[in-house]
Every structure is written in C-alpha cells, then in structure tokens.
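Okay, here we've got a single chain as structure tokens, the form predicted on its own, with questions on binding and movement later.
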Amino acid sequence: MKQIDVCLTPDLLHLHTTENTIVVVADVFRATSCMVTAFAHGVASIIPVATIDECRVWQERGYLAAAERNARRVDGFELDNSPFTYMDDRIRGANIAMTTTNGTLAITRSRNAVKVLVGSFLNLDAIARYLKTEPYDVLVLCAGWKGRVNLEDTLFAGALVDRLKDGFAMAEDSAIMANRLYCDGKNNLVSYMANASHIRRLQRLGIQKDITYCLQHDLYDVVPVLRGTALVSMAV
C-alpha cells in the first residue's frame, strides 16, 4: 500500500525519504496559495528561488519578479505575496521568478523527489485526485516559518491526508497528528486558527482578506509541478 507522510518543517526534511516519493509543498500563508492562484489566472511559469539575489538575476533577464520577506514585499520587485496580486491580467502568459521567506526555499530543497507539486487548500481536490492516480508514496512538506512548525501548513497536510487515507497508509505520527488537527478544525478553519502566529503577523499588516481567501477549499483545478527549475501547470 502506498504511504503518506508529513514533514512539519523543512529543517526536518533530512529525516524523511524522498526516494520513490512525490513531495507536495505547502506554504498556505501565502506562497503556494499565490502560485496556485497565478496558474489559475493564466501564468505560464514560475521559477521558485531561495534568495533575493537569485530572484533579481531573473528579473534582469526580463521576468516579472516577486520577492517577499517577513510577509512584506521587498523593495525593487514588481509583485508581492498576496494572492489577489496574481488575478491581474498583466500576469496572463507571463513568466515569473519568485522568492519567499519559507515556501520557495521548501520547494528548492525538494528537488530530489520523483515530482514536486505545489499544494494549497485552493487546489486540494485537484492534488488529491492526481495523487490517487500515481504509484508513488507522498510526503507533504510544510514550509513552516523560518524552520519552525506552523498551524496552517500542518492543517493543509492533515486535509490532504484526510482525502487520501482510504488509499494510503499513514506512515508516521506526524501524518496522524496533522489529520486529527484538521478534523478538529475543518468546520471553521478561520476561527480555529484565530490565535495562530502567522495569522497575527498578517493581521498586523491589515490583510484579513488574504487569510480568508487562502483557507477556501477546492477553488481551482490546477496542479503546479516542478519541471527542471520552473513550476508549470499540469493538466489533471
């Protein structure tokens, strides 16, 4: 039987195997939610990079560039880390380079996997349906916050486990724990997360609408996958 496991932070990734495994990276607030939204609105590709300097190199090559640190846009870059930015017509057909505090780093660390997918609540059903068709184990990699565990990515992991548990064995306690947390809070995730650390960070920036948006389930039927250095949208 295929297995599903959860890595609660990229700093623990070395304890997990990515051999014969599809890694699903989740940075719910807000990198992977932005990526899913961007592909749903016609972006051609997104190059995730770990550093601001790498992002600037792609910007100099003519790419639209998005850079975020500590939940704020970095000066000198066109795009920020709000999903609403990626609903603009100017991004349709565009190639984007993106660096974020946690999400893009998690993606770049996962490149040895069979495949690397980008997950969020927004494309939860599409991700789950795709993984059911594949013969590989699954590892959900939570981007966390600067090496620490966070609630929102753990809840996404639990939601994906919940969608897949009939066809996948839960490999370790982290998968069981994430699933139980999600089942506890799934009826009202906004309320359940009210005191979470990243919720407080985003609320200080006055972007409650981003929080509410990113916790919506199954809005988009897209599955971003890493091909070489770039994410592209895969037909499902």
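Sequential numbering from 1, following the sequence displayed. Because the structure is a prediction, the values reported are computed rather than measured.
The protein also exists as the form predicted in complex with a further copy of the same chain; that form is not presented, and the subsequent description refers to it.
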{"property": "Contact segment among 156-164, 91-99, 119-127, 140-148, judged by heavy atoms lying within 4.5 Å of a further copy of the same chain in the predicted complex", "result": "140-148"}
{"property": "The unique member of 69, 200, 209, 61 whose heavy atoms fall within 4.5 Å of a further copy of the same chain in the predicted complex", "result": "200"}
{"property": "Contact at 49, 213 and 233 by a further copy of the same chain in the predicted complex, all three, heavy atom at most 4.5 Å", "result": "no"}
{"property": "Proximity of residue 12 to a further copy of the same chain in the predicted complex, heavy atoms at 4.5 Å", "result": "yes"}
{"property": "Touches a further copy of the same chain in the predicted complex: residue 174 (any heavy atom, 4.5 Å)", "result": "yes"}
{"property": "Contact test in the predicted complex: residue 40 vs a further copy of the same chain, heavy atoms, 4.5 Å", "result": "no"}
{"property": "Interface membership of residue 192, a further copy of the same chain in the predicted complex, 4.5 Å heavy atom rule", "result": "yes"}
{"property": "Contacts with a further copy of the same chain in the predicted complex - residues in 30-44 whose heavy atoms fall within 4.5 Å", "result": "none"}
